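Alright, two takes on the same chain below, each alone as structure tokens: structure 1 and structure 2.
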Structure 1
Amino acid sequence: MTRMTGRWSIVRLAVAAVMFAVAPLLIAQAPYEATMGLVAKIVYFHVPVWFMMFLAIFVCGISSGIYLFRERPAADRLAVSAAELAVLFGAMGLTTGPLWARVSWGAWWVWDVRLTLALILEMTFVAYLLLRKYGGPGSDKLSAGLALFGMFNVPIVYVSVNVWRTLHPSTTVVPTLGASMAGPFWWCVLAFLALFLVMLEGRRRLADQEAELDRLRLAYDEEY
């Protein structure tokens, strides 16, 4: 079993590495956006990162639901792996966003719909990790409840922030992607997806091994 999964993870890692190696070439030869200059290229990094955050949130929410109602420990291990990735990709998005915003909007932070939504979701999943770390025994189930709530909250937060923000003057229009930019863009999305899968699988296997270690320790304790 380990040999097979080991081989597969090497394949996945290789695919991700190749895709990331090629990505800069594609991005470099994509058309130069006149008004924004070089900073516009951040879209190839920034947007795929957000996609991965949402993917992580839904993986976490759904597997948390399975853990809560079916009590499968494996689902919990997948959930915690996905939650960490949601926080990680969220942090990447929240770091790269302001870089672009500084040039485009003239401020590091603007209460834009997507920015605010991202901040709230990031906080939800940081709360998830805090609960697991400081909640003591049994907090796995409690954090599963939080993840489920967090997932269902995504559309509601989006709508509320969207309407709230339209009360304020909107600053600028996000540039739309031309056809020549779409190719490199989707390539980057797939590259991040490959990275996401490698990391999720790696983190999940770590959690599996921790659980196995706990099981062995308990078995040893029980025996002697």
Structure 2
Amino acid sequence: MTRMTGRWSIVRLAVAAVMFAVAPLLIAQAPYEATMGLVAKIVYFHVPVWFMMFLAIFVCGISSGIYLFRERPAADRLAVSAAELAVLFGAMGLTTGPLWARVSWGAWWVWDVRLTLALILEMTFVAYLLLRKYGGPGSDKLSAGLALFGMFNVPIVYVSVNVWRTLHPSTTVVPTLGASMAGPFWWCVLAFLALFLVMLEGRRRLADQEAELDRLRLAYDEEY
């Protein structure tokens, strides 16, 4: 069973690698955006990584809720795995965003509503991981509550550009992409999704192995 799972992981990783290899070719063929030109092509990377961050947060939040109310350790391990990916993809988004902003807005960073809320969301899950590592007894339940708080903030971050005045493009940009831009964009989204699923499964399996090792160590200590 473990060998079969490993083979499927390799297949999924190969699919993701092929998709990422093809993505630059599709992006190169896509037309320039009318006002921002070449720099707008960062959207093919910047927006998908935020999608993956939001997905990771929902996985973490739902798993944390299951752990909090059903006390299932497997759900807690999945939540921790997803939280690490949320921080990783969030860091990617916060890195690529200023590259775009420097050309579009003339500044690396502005305290725009969307940007500020996104930074707070990233810091929330950094706090989650720090709490898990250094919080001591009971930190698992406390971090689960923090994950739920972060998950309920995702819709606020998403709609913030439509509710408040903001420099950040609105949520209507992606649905209105022309066919020549939408094709490469959604290809990149699927490529990142494939990578996300591979990474989440790998990290979850590692968490399961760590839990089994802790169980065996505890059993050994009790016996000897």
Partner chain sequence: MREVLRVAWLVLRKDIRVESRSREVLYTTTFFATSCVLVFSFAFVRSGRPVEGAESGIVWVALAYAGQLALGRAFERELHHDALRGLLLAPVERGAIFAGKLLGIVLLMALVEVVVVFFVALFFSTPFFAHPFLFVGLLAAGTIGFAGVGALFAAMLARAQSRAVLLPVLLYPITVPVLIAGVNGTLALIQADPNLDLARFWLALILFFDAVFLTLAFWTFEPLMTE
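Quick note, the numbers are simply positions in structure 1, starting from 1. We call the rigid core the largest set of C-alpha positions that still match within 1.5 Å between the two forms. Since this is a predicted model, take the numbers as computed values, not measurements.
Form assignment for the chain places structure 1 as the one matching the criterion, namely the form predicted together with the partner chain.
Core-superposed comparison between the two structures: the CA of L26 stays below a 2 Å shift. With a cut-off of 2 Å and the rigid core superposed, Y158 has a Cα displacement that reaches or exceeds the cut-off between the two structures.
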